[in-house]
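Below, in structure tokens: the form predicted on its own, a single chain.
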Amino acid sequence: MNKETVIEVQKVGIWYGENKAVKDINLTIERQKVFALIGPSGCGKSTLLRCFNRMNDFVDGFRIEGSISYRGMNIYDKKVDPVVVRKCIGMVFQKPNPFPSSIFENIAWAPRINGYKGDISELVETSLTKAGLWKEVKDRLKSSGFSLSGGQQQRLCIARTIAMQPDVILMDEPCSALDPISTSIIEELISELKKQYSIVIVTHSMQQAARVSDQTAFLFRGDLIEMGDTSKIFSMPDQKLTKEYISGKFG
């Protein structure tokens, strides 16, 4: 498969008021790959991730320099509707956040209000199937989303994102609140989803980044220290700071 750039970050600096949280970063994210952002707390990885679908627009004092392009379109151009961006680039958050409604409505609500013309029931089933949840919930679709376990709730949120038919899925620490078994299920799901979607994941777990990602970027204090194939980053990093981080000398 030829490399195809889905998201391109060029000289991006991110400010919160007077604080520059991300410093002049360049990177590219390829189609149908899992791209991991790693680094210690406060390094800017979640800040950068949230820029990819303009979630930081809601944060007071947020300002961005440089450009972030999605398939050649600068998503911060004044002519670009952020709602359209978020349809193409979906988000799964750190803590599962089901809607206070049924499992069915958790999936159906957003497509319905956005004018989906197809069979909603079929879309719900397809989305839950892709999230590996359909067999577990098919006989209880009228039950509350909150009746599910934590791992199931996170897969419900992934299914909800899939239902909007995105091109890219962003995941911000998607397993940090889950037990090891649920984490393993989500990781297997990520490997399956990349056959159809491009995925960007923020994780504190070096082992998780090594297991699920194809490419990795290491951030430290807002700077991009190193980026490359995950296998190389974790076996033969070019930078001393990267080696020290992945070996656990700090973090």
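Just so we're clear, the structure is a prediction, and the values are computed from it rather than from any experiment. Residue positions are given as counts along the sequence shown, with the first one as 1.
What comes next is about the form predicted in complex with a small molecule, which does not appear here.
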- Query: Which of these residues, L241, M227, A21, V9, gets a heavy atom within 4.5 Å of the small molecule in the predicted bound form?
  - Reply: A21
- Task: Counting non-hydrogen atoms within 4.5 angstroms of the small molecule in the predicted bound form, say which of R211, R54, H204, K33 makes the cut.
- Result: H204
- S46, heavy atom within 4.5 angstroms of the small molecule in the predicted bound form: yes
- Message: Whether Y16 contacts the small molecule in the predicted bound form should be assessed with a 4.5 Å heavy atom distance threshold; does it?
- Response: yes
- Message: At 4.5 Å between heavy atoms, is E173 in contact with the small molecule in the predicted bound form?
- Response: yes
- Thinking of the small molecule in the predicted bound form, which stretch from 23 to 31, 65 to 73, 179 to 187, 37 to 45 has heavy atoms inside 4.5 Å of it? 37 to 45
